[in-house]
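Okay, here we've got a single chain as structure tokens, the form predicted alone, with questions on binding and movement later.
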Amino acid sequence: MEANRLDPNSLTPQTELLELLKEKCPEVFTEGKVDAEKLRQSLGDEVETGRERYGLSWAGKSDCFRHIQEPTTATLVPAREESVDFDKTQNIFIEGDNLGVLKILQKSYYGQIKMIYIDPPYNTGNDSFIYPDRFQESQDEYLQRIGDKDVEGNLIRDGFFRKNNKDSGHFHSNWLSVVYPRLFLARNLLRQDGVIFVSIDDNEVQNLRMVMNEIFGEQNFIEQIVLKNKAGAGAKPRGFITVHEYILCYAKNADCIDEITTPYSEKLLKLYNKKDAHFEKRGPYGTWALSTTSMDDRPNLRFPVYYEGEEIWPEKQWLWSSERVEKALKKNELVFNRKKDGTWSVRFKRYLKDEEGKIRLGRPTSFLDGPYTHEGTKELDKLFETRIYDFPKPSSLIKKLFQLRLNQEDNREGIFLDFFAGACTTAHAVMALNAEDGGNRKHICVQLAEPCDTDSEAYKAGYKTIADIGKERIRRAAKKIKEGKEE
């Protein structure tokens, strides 16, 4: 009996789309090929045929689709000698070009990833990354170009990595050609209710927003989070001192997400510091003013509340209706305090747990005041006992994002992906979260063997590549967490 032959090629978005068209629209095929005219007729008025239309274009965009559709025959090779609990762990670190890796992952992880976080190059003009600087090169030329290695097979920074200088004629185009195909493939890996977070700053935020609108769809935009990432900086020759960056959040399918909630912050939890007879079931409570002046005038919210025979009126109006206030009175959930001027303040109790005994969740805001960048640097310095990597993201930031609950789902399961892993903050964050709440999250981190500068502290410490730093960070963080020494 002849063994079945496996297709060594990676799954491509083109193949998937063709199969979908064959299933849904067989009439548009002629001799196995898509007939563009028949497809246009089938879609009718939904096809835009004008030459001028809204969209984002750049030098090299057409080549992006060629790179996306090219299958790869590359395979993942296990590295047991570098691994910890290789046969038991379900966490994966992959050393390689993330574009190729994303193609390989299509078969096994299509539609399986719960959340993605990436921190791609910001294109400041000072960072180096791989980009296609010749837009008409052949596949052979491309393969020859990316073969820039030394005699030991290591990548050569001066050959493989190029600084995308702002004087370049294709400064933005180079960057767009890097992020577009990777985000395109990443979308396929997300679950229908999955989300992606992408860190960026003002250099490319407008272009990234347009790219993600095109790939994910404007209707799946969730938020552009503003992150205050430092308290201040040195004087700039002109303009403002920049103390923020952004995190763009998009869903695979926003229709699958009815609600996004988040655990209360430590600052908010400190407000729940009082106890009453309901403490055992509902936990501690805090109090908030029942009277408000910030809402639009609503006459039905202006009425008297009676306490100890006195009639109490709000300064403007109450937050609640009279029916809700009456229920709160009967349940002893209002607190009355006489002020120095003889009037009363009325506050309502809010328990940490709801009536079923479940801890309440809050709504995330579009502004995060920290954690700051220096916290990530300090965290890694402590782990390696030296300055090994500049400006890593704090693991507390990734934890905050991954703790977001979609549709009230317990966020302790699922696969979390980072394909610009750098020093592997994402892996650290996932392991720390599991240790804190007993979760069973899994992480996949992808990082190219980007060479460290030979005069850097990392290189002097024996880490030849960024991937080496990431792997060692995972090992050290895992050991520290397992020993219960994680702070």
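Computed from a predicted structure; not experimentally measured. All residue numbers are counted from 1 along the displayed sequence.
Omitted here: the form predicted together with a small molecule. The next part is about that form.
- Residues of just one listed stretch (324-332, 93-101, 294-302, 200-208) have heavy atoms within 4.5 Å of the small molecule in the predicted complex: 93-101.
- Glu450 is the sole member of Glu457, Glu450, Asp63, Glu70 with a non-hydrogen atom within 4.5 Å of the small molecule in the predicted complex.
- The small molecule in the predicted complex is not approached by Pro181, whose heavy atoms all lie more than 4.5 angstroms from it.
- Mapping the unseen interface onto this chain, Phe29 falls outside it, with no heavy atom inside 4.5 Å of the small molecule in the predicted complex.
- Contact check for Ile466: a heavy atom falls within 4.5 Å of the small molecule in the predicted complex.
- Contact check for Tyr250: no non-hydrogen atom falls within 4.5 Å of the small molecule in the predicted complex.
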